[in-house]
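Given next, in structure tokens, is a single chain: the form predicted on its own.
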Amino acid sequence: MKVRLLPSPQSLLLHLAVIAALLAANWLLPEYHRGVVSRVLVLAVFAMGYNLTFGYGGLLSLGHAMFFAAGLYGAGLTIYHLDWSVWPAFGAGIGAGLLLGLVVGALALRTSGVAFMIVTLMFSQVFYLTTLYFTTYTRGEEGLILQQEVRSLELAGATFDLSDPSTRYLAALALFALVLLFTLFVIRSGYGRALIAIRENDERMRMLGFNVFANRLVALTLSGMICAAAGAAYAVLFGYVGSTLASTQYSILPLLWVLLGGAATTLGPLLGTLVMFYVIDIASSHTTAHLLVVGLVLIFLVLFFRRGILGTIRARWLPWLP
């Protein structure tokens, strides 16, 4: 049987159509919703990084907040204390995520199952407490505020103000589109098929001669880089760098977004993040007990969409969805 290693034309068209619709939304959405979707796009990149490890790799991590925070602090501290411009600061954030992914992966992947979950949680807690310990530089949960004048991007001889709502939206969309297409091609590559096969049966893959540890380490490192890119983008686009974004809550949230949208689906992280944001936003505008409403919505979705929204749609109607 011939195995297709490139995205099918219909799945590629679907992803390009989603990107085109999000681009058009920049001029169609009211100011408030454009700001919300900008934030959702950045956090959806965070969720896509998590999905690579959890959805496609089968590794349940509770420590991905440290990768997001590595990018956040890698970019934020270099801008705030060293006066770096946006591009090198963004690169420093991604580099921090790559390094952390390699180190944490090399140690944590010696465990599996519940032990892996606990080890990643402990690493994340160490990172969080470190940001609190060095309050002189990080200002702890109060955080650092990056002023408008240091958040300008030089590109092709032009200067873009990243605090401008339209520029911020387009920058967030550019990052989202790049990571979405990268993820799509990775999971359709030979490496991506091997990673999914390892998720399904790692013992069989070892018997076939695959290096399971190395494949998982690559997945965790790529995931760390993507999450760090989201963190670095959050710092330069929204101008805030604080310990709250490194807390355990930010390790749980991407898991919820991915489960809600559909684990191991490329567009599931975006859908899950978008739905969760608007459910909280709408519920909180009507009642102070908005978490009760959010809980009821989540129970409904778990009962009727057990594989997440897009995962269920793929299982029932559209098997070609990647």
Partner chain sequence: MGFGPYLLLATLEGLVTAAVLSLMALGLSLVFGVMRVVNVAHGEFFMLGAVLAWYFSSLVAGDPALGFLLALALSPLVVALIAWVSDRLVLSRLKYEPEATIVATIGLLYIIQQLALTYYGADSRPVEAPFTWRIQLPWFGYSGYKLAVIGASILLVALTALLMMRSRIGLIMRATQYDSETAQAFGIPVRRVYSAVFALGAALAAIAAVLVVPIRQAHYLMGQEPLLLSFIVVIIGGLGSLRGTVVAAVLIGLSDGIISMFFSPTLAKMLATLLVALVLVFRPQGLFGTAAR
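Whichever C-alpha set is largest while still superposing within 1.5 Å between the two forms counts as the rigid core. Positions refer to the first chain, counted from 1. Source: prediction; values computed, not measured.
Missing here is the form predicted in complex with its partner chain; even so, the following discussion is about that form.
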## Note on the structure
Given 37-45, 270-278, 252-260, 22-30, the stretch touching its partner chain in the predicted complex at heavy atoms within 4.5 Å is 252-260
### Query
Looking in the predicted complex, is its partner chain within 4.5 Å of a heavy atom from each of Pro9, His15 and Val212?
no
## Note on the structure
Of Ile145, Leu181, Ala197, Leu129, the only residue with a heavy atom within 4.5 Å of its partner chain in the predicted complex is Leu129
## Note on the structure
Heavy atom within 4.5 Å of its partner chain in the predicted complex, from candidates Leu98, Leu245, Val119, Val186, belongs to Val119
### Query
Given that the partner is absent here, does Phe123 sit within 4.5 Å of its partner chain in the predicted complex, heavy atoms only?
yes
### Leu102: touches its partner chain in the predicted complex, heavy atom cutoff 4.5 angstroms
no
### Message
Does any part of Val294 reach within 4.5 Å of its partner chain in the predicted complex? Heavy atoms only, please.
### Response
yes
### Message
Would you classify Arg110 as touching its partner chain in the predicted complex, given a 4.5 Å non-hydrogen atom cut-off?
### Response
yes
### Query
What residues in 48-71 sit within 4.5 Å of its partner chain in the predicted complex, counting heavy atoms only?
Gly58, Leu60, Leu62
### Core-superposed comparison between this form and the one not shown, Ala17 Cα displacement 2 Å or beyond
no
### Query
Any CA movement of 2 Å or more for Leu301 between this form and the one not shown, core superposed?
yes
